[in-house]
Ligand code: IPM
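Below you'll find only one chain, the form predicted on its own, shown as structure tokens.
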Amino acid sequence: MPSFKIALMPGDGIGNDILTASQPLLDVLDLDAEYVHADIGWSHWCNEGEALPPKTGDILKGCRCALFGAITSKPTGEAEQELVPRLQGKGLIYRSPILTLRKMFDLYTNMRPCKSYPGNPNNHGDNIDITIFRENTEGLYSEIEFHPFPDELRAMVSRFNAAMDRFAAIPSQEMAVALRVITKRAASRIIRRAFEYAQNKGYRKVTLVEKANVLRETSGMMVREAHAIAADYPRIELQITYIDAQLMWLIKNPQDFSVMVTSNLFGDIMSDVASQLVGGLGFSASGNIGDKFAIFEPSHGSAPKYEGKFVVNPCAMLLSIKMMLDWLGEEKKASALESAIASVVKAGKVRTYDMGGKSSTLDMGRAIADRYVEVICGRR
């Protein structure tokens, strides 16, 4: 019986392309694993009214982890219009399957490494090595939203917060409201994950990025927990910054930062900015990690206009596989894979269009798989 059972979820658009390009690598990894397919994505929403079929949840519960390609998401109105006729008008509401999975399996850590590999013409600079820890289950992605704003709830909020007075003349049907939920438990565990990582990797600083001067209670919760946890790691400096200024500093002095931690929406935005510093979303890997299960995926979207053209960069998917190997305890394979990716990027003979080349997604995948075999066999 294999040591690991791993689900493959291509999803939509270029999700299929990048997982197809990853297959040569999976074939040569020599990982004691069974790979199983699991359905997810926009076509399932359109034809079944559910982007995450129940059977997929059952499959994942029997797996150690999963590799996920990409997902297409659209606003509520567009999603309703694209349902097959028999499902329209039944009150079905589209929900992002990846957000659902994060909550279903309590994948509270979203870990996004952003590292510049020499030879990448799109690097903002050399020696950039940033890992962002993003809380993955709460914040403004808690999916607690209202439109129109229910009168009963509106009246209750007005009782407890006078700031609602300035909206008194606005009709409820003209108001959309979202709750930013930050719990002490969630803040504590994501911040501790960042400090543990910094300690294990030998980093001297953890940067908490929030906006506590304005979001005094929710960002304030993150700041208070950061101070409490930092006391357990006396050799690691705690730096606290505001998200708006931090994005400026990230572009100006990216080498000043190593381990960063923040809440859900801020982390989503900041990691996309950081990825552009190291070549763009084609190099942006991501891990959704819980205590017992994890889903690894590139950070980019489904880019449907490129589907089937095999022109996009698969490195984000391959670097996500590297993260998976680390998480599974296969450090030697993970290190060899990163070396293979770095070697192909530095050589510059195989480059997808985003790096100014003409190689296909499949060309890049095969080149890295071939180089991995050479690295693992000691032919560096």
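Since we're looking at a predicted model, the values are computed, not measured. The first residue of the shown sequence is 1; numbering continues from there.
The same protein also exists as the form predicted in complex with the named molecule; that form is not shown, yet it is the one meant from here on.
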Exercise. Which of these residues, A285, I71, I289, L208, gets a heavy atom within 4.5 Å of the named molecule in the predicted complex?
Worked result: I71
Exercise. Of these, V181, M164, L99, L247, which has a heavy atom no more than 4.5 Å from the named molecule in the predicted complex?
Worked result: L99
For this session: Determine whether any heavy atom of D268 comes within 4.5 Å of a heavy atom of the named molecule in the predicted complex, and answer yes or no.
Result: yes
Problem set entry | Distance check, Y141 to the named molecule in the predicted complex, heavy atom within 4.5 Å | yes
Exercise. Would S299 sit within 4.5 Å of the named molecule in the predicted complex, counting heavy atoms only?
Worked result: yes
Seminar exercise, completed: Of the candidate stretches 209 to 217, 191 to 199, 99 to 107, 166 to 174, the one with residues having heavy atoms within 4.5 Å of the named molecule in the predicted complex is 99 to 107
Problem set entry | Any residue of 330 to 366 that, in the predicted complex, places a heavy atom within 4.5 Å of the named molecule | none
